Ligand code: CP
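Next up is one chain by itself, shown in structure tokens, the form predicted on its own.
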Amino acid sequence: MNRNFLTTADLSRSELESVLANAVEIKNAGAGTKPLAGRSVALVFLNPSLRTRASMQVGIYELGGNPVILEPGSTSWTLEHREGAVMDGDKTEHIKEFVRVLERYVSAIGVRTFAELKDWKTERTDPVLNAFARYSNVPVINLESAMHHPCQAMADMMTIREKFGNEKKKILLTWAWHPKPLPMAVPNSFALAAAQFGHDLRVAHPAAYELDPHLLRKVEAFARKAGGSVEFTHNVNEAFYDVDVVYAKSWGSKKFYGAVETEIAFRADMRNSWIVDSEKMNKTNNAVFMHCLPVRRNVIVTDDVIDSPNSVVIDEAENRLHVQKAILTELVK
């Protein structure tokens, strides 16, 4: 496995399978060995979190380690990541010093930094996450960045594996209406991982909501290599036919990046059509419903779907813990 865990695209299929196998073993074994005994792991949160923060903190503790929580701008200094920046504004410390000091104390650094939804050309390069990786001599774990959320995607793949075994399944990744634009990290990482594991992936979204073309080329290449397929549709009703998994997630449009009010107006009439409801789920092959959480009920998905026996959103959330334990065990030697 690579020194860092930034995106599943950096790992081979065999490496991803190893992570899942170890996560299943950890889940089934319960309390076991303490591979992080005497080690500390820094968790740097530039954005809010429930599942990521709790699961990482609990996971490190259960592996025998010590989690060190840092919140730049709150419990630690505000951070600058740009090279050559003249720091005469509101940023107090550069990531160069921040990371190089931390690595003297800890065995790995997890970092969570969302897209600001202001400048697509810059944010698609994951500048903050990559600055951490560039300056660190200890492993860096992506706890969600502007472009990727690999821990969530691996928990998603683990959940699908638990429900269906090793079979190739028909998976729908569907855009959903939301009152405001959201980052693309979750759909990006889910599409990558689904392709890498060889599933048949269908991506449904309105026109103007295409994912990053460079990322989609990777998705299609991974699918070909793994024996799966990728297709795209703008028809929200036809998208649900005969699929085994429905993964709902909203994301913003590159076309309106940085123009929030314009995008909100553009998507206003999609509210009633782009929602996962029982009528759409009845078109599936008795599909399971998935979402990374938090989810806006009766906006993204109706109560009757998320509360149904086919909803596996809580299983997904639990599997974050086990997948991240497997990643930590592999990276922190």
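Start at 1 and count along the sequence shown; that's the residue number. The shown structure was predicted, so the numbers you read here are calculated from the model rather than taken from an experiment.
Form predicted in complex with this ligand: not shown, discussed below.
J.: Any of the heavy atoms of Thr159 lying within 4.5 Å of this ligand in the predicted bound form?
T.: It does not: once this ligand is placed as it appears in the predicted bound form, Thr159 has no heavy atom within 4.5 Å of it.
J.: Whether Gln152 contacts this ligand in the predicted bound form should be assessed with a 4.5 Å heavy atom distance threshold; does it?
T.: Heavy-atom contact with this ligand at 4.5 Å: present for Gln152.
J.: Is Arg320 one of the residues lying within 4.5 Å of this ligand in the predicted bound form, judged by heavy atom distances?
T.: Arg320 belongs to the contact set for this ligand.
J.: Give a yes/no on whether Pro294 approaches this ligand to within 4.5 Å in the predicted bound form, heavy atoms considered.
T.: Yes, Pro294 sits close enough to this ligand in the predicted bound form that at least one of its heavy atoms falls within 4.5 Å.
J.: Quick check for you: of 266-274, 66-74, 297-305, 45-53, which stretch puts a non-hydrogen atom within 4.5 Å of this ligand in the predicted bound form?
T.: Selected range: 45-53.
J.: Ok, His205, His148, Lys169, Arg112: which has a heavy atom sitting within 4.5 Å of this ligand in the predicted bound form?
T.: Comparing distances to this ligand in the predicted bound form, the residue within 4.5 Å is Arg112.
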